[in-house]
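First, one chain by itself: the form predicted on its own, in structure tokens.
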Amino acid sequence: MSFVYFVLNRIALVIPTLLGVTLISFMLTNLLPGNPAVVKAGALATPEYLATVERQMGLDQPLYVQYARFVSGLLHGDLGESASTGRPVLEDFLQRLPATLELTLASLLIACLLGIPLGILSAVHRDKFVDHVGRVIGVVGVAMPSFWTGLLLIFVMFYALEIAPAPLGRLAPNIAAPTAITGMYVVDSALTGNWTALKSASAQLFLPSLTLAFSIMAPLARMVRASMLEILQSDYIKAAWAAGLPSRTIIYGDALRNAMIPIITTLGTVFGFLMAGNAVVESVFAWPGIGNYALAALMTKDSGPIQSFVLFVAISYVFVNLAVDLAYGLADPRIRIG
């Protein structure tokens, strides 16, 4: 099977998945308690006015009609209007999405820089001090919820040691935002040479990204360790050791390369977790991303942002899994054969 056919086959499988995602997100949002019309009309609205708002929002129509309108709106880029902000949900999302992407990518980078080497060292030095440290980190990282980790880091690094800035957004209050290019302040500051904003944005990003990275570093390190242990016990690795090849070539070349499939799978899974799980961390650090936006909408029962956030996370999972499938084909040609 050629790689082009392999790619087209995987893309074709995405279409029915996306249709299912829209249906599930629509149904889940409709199962939430509360009436979205009450949020828009106000708690003191008369029954007559409330009925008018329901007709305007299409809530008096059967569910299949509402779903058809929802899908039609998606195809036209219309995610509805937020009753809380009075603005189109798509506009609010696009304004807040760069903050979430910046936090997610920074967390994933930190997790990879710490988790993958820790997993490799744990496998190479099995049952030694480094391995025991890796196991402890793995257990603690899985057991501690992200909001608790964030609060603990705030207490230690901001309150006790005073080496981190106040968790109040993406920039210090007296720093102007850099010229918008990507919407990610660290990237935009570096591209425009705004070193003051770069320093402030990096400092503000450090604690929330470290909080998220710690929660996903544990499963990543454990998967790397398990995969490397299996590969290091294989016959061809033992033959490489016997042949006197350099340890760096054996560990980081042959062994790590053949352990990439489960590592890629884990990276895809944790990326989807980051997109879904950053809502709590964004709330703890007052980070103005889409997770914080959806959490605020959940508190006020604003259905438009909630529905759009669920849909966005689900679609992110779909396309991350597609990217993982394509990475499989690049990492191991045997996968696209047959």
Partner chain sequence: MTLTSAPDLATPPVRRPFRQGMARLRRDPVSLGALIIILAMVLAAVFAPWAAPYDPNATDISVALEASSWAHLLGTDVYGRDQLSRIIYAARIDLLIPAAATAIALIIGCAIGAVAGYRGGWLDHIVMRCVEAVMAFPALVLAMGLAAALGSGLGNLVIVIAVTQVPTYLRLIRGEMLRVRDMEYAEAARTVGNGDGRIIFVHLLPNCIPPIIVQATLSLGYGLLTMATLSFLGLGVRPPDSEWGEMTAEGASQIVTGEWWLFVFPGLAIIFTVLAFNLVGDALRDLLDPRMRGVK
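Source: prediction; values computed, not measured. Residue numbers count along the first chain shown, from 1.
Separately, the form predicted in complex with the partner chain exists; it is not shown, and the next lines address it.
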item	value
The partner chain contact in the predicted bound form: Y252, any heavy atom under 4.5 Å	no
Contact test in the predicted bound form: R225 vs the partner chain, heavy atoms, 4.5 Å	yes
4.5 Å heavy atom contact, I154 to the partner chain in the predicted bound form	yes
Touches the partner chain in the predicted bound form: A37 (any heavy atom, 4.5 Å)	no
In the predicted bound form, segment of 194 to 202, 180 to 188, 80 to 88, 156 to 164 with a heavy atom within 4.5 Å of the partner chain	156 to 164
Whether G272, V284 and V318 all lie within 4.5 angstroms of the partner chain in the predicted bound form by heavy atom	yes
Listed residue (V133, V142, L105, L113) with a non-hydrogen atom within 4.5 angstroms of the partner chain in the predicted bound form	V142
Any residue of 307 to 322 that, in the predicted bound form, places a heavy atom within 4.5 Å of the partner chain	F309, V310, V313, A314, Y317, V318
